[in-house]
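Presented below, as structure tokens, is a lone chain in the form predicted on its own.
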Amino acid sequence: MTIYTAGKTVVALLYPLLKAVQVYDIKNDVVINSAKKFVEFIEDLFSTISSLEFVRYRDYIFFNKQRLKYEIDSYANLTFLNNQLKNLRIKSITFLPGINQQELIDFADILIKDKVTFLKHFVLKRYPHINVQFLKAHEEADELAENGEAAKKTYFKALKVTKNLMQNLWTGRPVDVKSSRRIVYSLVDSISRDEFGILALTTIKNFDEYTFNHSLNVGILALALGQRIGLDRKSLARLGTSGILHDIGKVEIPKELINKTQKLTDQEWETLKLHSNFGVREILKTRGLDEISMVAIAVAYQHHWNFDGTGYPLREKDEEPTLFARIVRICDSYDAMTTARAYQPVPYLPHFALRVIWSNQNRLFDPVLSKVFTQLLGIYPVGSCLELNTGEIGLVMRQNPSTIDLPIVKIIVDKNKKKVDGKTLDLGMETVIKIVRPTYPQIHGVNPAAYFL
């Protein structure tokens, strides 16, 4: 059993115990049986592992230095544990060999309490096989202050590769997709370390280089969604490549048509829709065709197929889009809606774009993937500007996996409507400060991407 699998199992066994002590007396059979299963499992682990350490860092849970990912089957377990540790300001919990059911039950009983109660009972009662380390004030600030230099380096290297690839196709020069493979694996690693950090960089929107930015952003969004549903590393590489190449057929569309500010004529619209067909041809022209290329071809052709059977190009009644095409369909629509373009100078607010996707599930978008995508980005995605009841404007910097409607924000405009380099607030921990409404950053002269660079 791998460390990762062991960690997921331990959390999966701890979760029902914590829920049980919330509902039942600690002498109840439900509580006792839950504790028994937990202790029996970790006793086996202790034959190969000297201690079991859970660390909470930047809203992620690490088990023996291995990050446990927020996947569909473990989302409830991890968010509950993360929320409890955050509320108690706990940095780490370590279980040691020799722990028995009663010690575990007693500890679980206080772990679900408020901070004052937890501290009181933890100090008064000895827990010889459980070590707890609390966060210090400066460590909490450090968690939110990290600048993500590695993520930025990966993002801009990927943007350069994407731009070169598409420019070579535009000019008829030979294209080798091996460089894109390498950068996609770098993106996979970055997503695995900190998906919220790399997702923040998708707020970078370059109007003059929309096609390149959009292609990369769709690839990153697709990777984050793919990781959330539990895809393995090899599958993520295929998905990320497919996301980056999904619009590659547009190199065959006249640029003046792509950049047209007026409404397209019926003939122009039919021409633009051909980019799905052209995408197949462009990928086939690249050197180094392999299995990943074949997957990318399907996505390039199918990414405008709707969940209800409509969309383009036309398909047979029994033809269904692949999983990757359904993922890219959502990510493509979201990034397009939230990006300013020639014909859309004022983009949708991120929360409204999510609402459009949510309201069109079962028609345009896969309903399960739509729900996971909303859960991933939060009600107010990174880069959103929020008006607070204090009169200040907060920029969403990160999500709270356990409270998707209460993100972490940085104050960028004070109550006097002046730009400031304000403090960072975790709205999930605030009792007084509330969100009033989302607001357009343009109104306040703010470029959200600048805060992530």
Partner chain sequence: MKAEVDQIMQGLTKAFKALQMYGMNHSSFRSFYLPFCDKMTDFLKKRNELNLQIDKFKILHENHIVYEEREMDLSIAFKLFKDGIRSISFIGGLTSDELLLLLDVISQPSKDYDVALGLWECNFSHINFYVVEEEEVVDYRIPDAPVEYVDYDEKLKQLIMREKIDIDAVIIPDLKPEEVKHLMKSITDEEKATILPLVVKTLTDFLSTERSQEVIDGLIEILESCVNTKDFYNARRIAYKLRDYPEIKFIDRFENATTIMGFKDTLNVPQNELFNEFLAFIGFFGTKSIPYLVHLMPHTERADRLTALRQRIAYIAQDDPAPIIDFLKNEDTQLMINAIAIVGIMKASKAVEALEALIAHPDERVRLAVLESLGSLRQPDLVVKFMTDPSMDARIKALRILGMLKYPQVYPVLLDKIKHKSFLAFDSTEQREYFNYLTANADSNLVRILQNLLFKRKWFGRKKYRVIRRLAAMALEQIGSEESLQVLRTGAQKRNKDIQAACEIALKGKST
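On a predicted model such as this, the values are computed, not experimentally measured, just so you know. Here the rigid core means the biggest group of C-alpha atoms that line up within 1.5 Å when the two forms are laid on top of each other. Positions refer to the first chain, counted from 1.
The same protein also has a form predicted together with the partner chain, omitted here; what follows describes it.
The contact residue chosen from K153, K115, K273, K260 relative to the partner chain in the model of the complex is K153, the criterion being a non-hydrogen atom within 4.5 angstroms. Though the partner chain is absent from this view, in the model of the complex it lies within 4.5 Å of a heavy atom of just one residue from I379, M166, L111, I253, which is I379. You can rule out all but one of 358 to 366, 103 to 111, 118 to 126, 86 to 94: in the model of the complex, only 358 to 366 has residues with a heavy atom within 4.5 Å of the partner chain.
Proximity of K65 to the partner chain in the model of the complex falls within the 4.5 Å heavy atom cutoff. Taking non-hydrogen atoms only, Y24 never approaches the partner chain to within 4.5 angstroms in the model of the complex. Using a 4.5 Å cutoff between non-hydrogen atoms, D189 counts as a contact of the partner chain in the model of the complex. Mapping the unseen interface onto this chain, G98 falls outside it, with no heavy atom inside 4.5 Å of the partner chain in the model of the complex. Looking at the partner chain in the model of the complex, residues Y334, K410 and E430 place no heavy atom within 4.5 Å of it. Of the residues in 415 to 453, those that come within 4.5 Å of the partner chain in the model of the complex through at least one heavy atom are, in sequence order, R437, Y440, Q442, I443, N447, A449, A450, L453. Q66 is among the residues whose C-alpha shifts by 2 Å or more between this form and the one not shown once the rigid core is aligned. Comparing the forms between this form and the one not shown on their rigid core, the Cα displacement of A76 reaches 2 Å or more. A shift of at least 3 angstroms brings the Cα atoms of A76 and S192 nearer to each other in the model of the complex than in the displayed structure.
A change of 3 Å or more separates the two forms for A76 and V188: their C-alpha atoms lie closer together in the model of the complex.
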